[in-house]
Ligand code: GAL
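The chain below stands alone, shown as structure tokens; this is the form predicted on its own.
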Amino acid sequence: MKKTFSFPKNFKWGVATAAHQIEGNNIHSDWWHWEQTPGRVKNNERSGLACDHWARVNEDIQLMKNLHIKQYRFSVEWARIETAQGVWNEEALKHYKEELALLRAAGIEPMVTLHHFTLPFWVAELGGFEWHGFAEAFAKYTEVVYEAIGTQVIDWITFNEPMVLFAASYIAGVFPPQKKGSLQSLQVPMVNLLKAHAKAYQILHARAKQASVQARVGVAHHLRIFDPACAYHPLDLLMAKISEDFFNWTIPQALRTGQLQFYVPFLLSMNVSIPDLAGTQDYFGFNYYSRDFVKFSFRPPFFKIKVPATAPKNDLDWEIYPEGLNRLLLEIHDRYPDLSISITENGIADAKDSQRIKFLNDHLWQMAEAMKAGVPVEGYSHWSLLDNFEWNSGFSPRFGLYELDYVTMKRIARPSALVYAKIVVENQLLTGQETRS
């Protein structure tokens, strides 16, 4: 007997993108400058035209209409809007205003991200997230963006995946500014980001109130499952727990309490009170992709990440673990029962589109099971609308519901796009539909 699950009538089916990954020619950003040095991006690729979305907004909104989606999560690009300190690009602001008008005309609700990994080069030159003036500069940027487009936007995301950003930028050294420090070195960037979020939150709400419109502000957290490599090894269990608490919950807890706190003897000590931060999360946004198995190590940082050889994987060798989405949804609701939840990214690198339909179906069923258990999930945004520039992995990972020919820039709907569109239109899941396109 086939099972069905019907979603609420107002469920926000969506897709997600990020400016630097799709727009092209983001020449005033730290990433653009950083990419120019060979060896930093796979195959020495550079973002270049990316998907040429800047010139193809109309075409890409039509792709969204073909999917019948209700919400589009995208980012505006600080480096385009403020090309030098205090120099505001009115043409860029006009472009985003026109894009929002086109989305609204298409019946698609925007979810706008203010920062998705990239900084203006001038901010990076002043120290980026380590610069003492970062929060004030971000606050001014937020004010300018709201003045241009704010009344057309209800759902805002201040920052995308802060912990991924900091781990890649300041620990692994694979994102600019390409530093390799200790976990303790993250404190200054984390504090400055949280100060910036707090200021942006207050600005967005104050300006929305003045305009007599609604605003909801959150963060797109990246949450992972951290399981011990050996379920019976006490040190593996300990390090998995520490990894989960630090990576998944440090920032959400700071947004709740106003305190950036974390303590592990001999490894990490943070205890900073941040003004106006407490209670600055109106909904819980998060991105989910995979699981890590954590093994204790005697060398700093005292753990290693393992992926079982037999585990199903995507093209980037990330484990495909749909059950993790259910586990995290239940955990979020347990920790923050007063917040609605939006899945702001979920997707798979799958160039052949041989796994995406099953991936999509399996993850949506895990989401449905959580909703049946009372978890208030309000929306799901698939990553991504189309193939794009995947940061230091370059153009080879293919996350798109639409395949992109990077020579002609032609967009081609994959079979998985047709399946997703069917789910959106019917607003329900049916067992067995993963085999049909």
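Every value quoted in this text rests on a predicted model; they were computed, and no experiment measured them. For every residue, the number given is its place in the sequence shown, counted from 1.
Only in words, not in the display: the form predicted together with this ligand, which the text now covers.
Shown here without its partner, the chain carries W13, Q71 and F284, none of which come within 4.5 Å of this ligand in the model of the complex through any heavy atom. Using a 4.5 Å cutoff between non-hydrogen atoms, D60 does not count as a contact of this ligand in the model of the complex. For the chain shown alone, H333 is not a contact residue for this ligand in the model of the complex, no non-hydrogen atom being within 4.5 angstroms.
Contact annotation for E35: none of its heavy atoms lies within 4.5 Å of this ligand in the model of the complex.
For F399, a non-hydrogen atom is located within 4.5 Å of this ligand in the model of the complex, even though that partner is not displayed. Proximity to this ligand in the model of the complex, defined as a heavy atom within 4.5 Å, holds among E99, E161, D350, D292 only for E161. H116 is the sole member of R216, H116, R80, H95 with a non-hydrogen atom lying within 4.5 angstroms of this ligand in the model of the complex.
Per the 4.5 Å heavy atom criterion, this ligand in the model of the complex is contacted by stretch 387-395, the sole one of 48-56, 23-31, 387-395, 369-377. In this stretch, 297-322, the one residue having a heavy atom within 4.5 Å of this ligand in the model of the complex is W318; the partner itself is omitted from this view.
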